[in-house]
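First comes one chain, alone, set out as structure tokens in the form predicted alone.
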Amino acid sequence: MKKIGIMTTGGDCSGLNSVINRIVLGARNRGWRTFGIIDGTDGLCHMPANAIELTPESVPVEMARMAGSFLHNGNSGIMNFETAIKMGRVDQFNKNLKRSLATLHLDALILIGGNGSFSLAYKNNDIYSKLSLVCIPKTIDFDIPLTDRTIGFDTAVNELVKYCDQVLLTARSHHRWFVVQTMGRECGRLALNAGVAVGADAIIVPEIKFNVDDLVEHVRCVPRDYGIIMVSEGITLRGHSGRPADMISRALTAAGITNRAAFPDYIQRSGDTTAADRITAAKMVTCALDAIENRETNVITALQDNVCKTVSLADFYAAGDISRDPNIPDLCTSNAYIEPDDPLLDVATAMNIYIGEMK
């Protein structure tokens, strides 16, 4: 009988519990036992590992729609890794994690994470050398290369749209513009998708240069005195400092345009998981369990042209834009961004949405 482990890492998002529930049910149907590692990497920092056996009763299907993680994600694991780097003890830190993981006697581990977690696993794959490692991508940022979808992204877009729908009502009442700041780090996909869905009049993303004077002029030309300007948290504005939405808001105020900055913040990580994310979870879990049965390791599940398949961690890492991780010293992560030929950019332009200096 196989024993498989589950670990959720990094920032939380809707869909994690859907993945966990589907893994437990799918594993049971194959006659396997499932163990959840509590608090992600934090749980592996314990000796023995902080883990519990999971059953359909402990991860009930009616709660699988909820945001957050049954297993919690943990934060101090990253801090411990940073400390190990500063003290020159990365090898010892990894040995401790490997030893702790060995106490569980697992045949496989399913790591549910983002590009930081996957890049870290790729760079330190010796930790998982005694078992099969399969990664399932989840992130509201949708910044993971080689997959057409990540778990949690669709729900985050929907939560942003619901937020903006309500903001638009007060915007109309008070003849006021709202500058809404989204999450997404250096990737603007969340802002782009939510902006198009809500009918924003401008979408500012890190991948596309913009001119603040052109933005102001565009807003002036809109035939109403209210609306939404969607701004990704990763943008910069030369000569200005502070939060992106505040920077844009100040520029609009200086031009005599009544506005307010708005910050939906962590509601983007919450909300009942949408049907699209639940279906993605089911597809990726089935693919992950098949990979374990086929003795694959060091792979991630990826949706490509609506077909779920596995790609190697090495291919994932090589396919992205490699940059230094701001939270983990000495770690370079593989990132995906909005491509210049993204069809949604053309859609936005056709809707008369200002998106910056398109080439």
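Sequential numbering from 1, following the sequence displayed. The model shown is predicted, which means the values in this text are computed figures rather than measured ones.
Just so you know, the form predicted together with 6-O-phosphono-beta-D-fructofuranose exists too; it's not on screen, but the next bit is about it.
- The contact with 6-O-phosphono-beta-D-fructofuranose in the predicted bound form, taken as any heavy atom within 4.5 Å, belongs to 269 out of 278, 149, 269, 72.
- Comment: 6-O-phosphono-beta-D-fructofuranose is not present in this chain, but in the predicted bound form one of 183, 235, 97, 289 has a heavy atom within 4.5 Å of it, namely 183.
- Contact with 6-O-phosphono-beta-D-fructofuranose in the predicted bound form, judged as any non-hydrogen atom within 4.5 angstroms, is confined among 214 to 222, 261 to 269, 99 to 107, 154 to 162 to 261 to 269.
- Although the partner is absent here, residue 140 is a contact residue: one of its heavy atoms lies within 4.5 angstroms of 6-O-phosphono-beta-D-fructofuranose in the predicted bound form.
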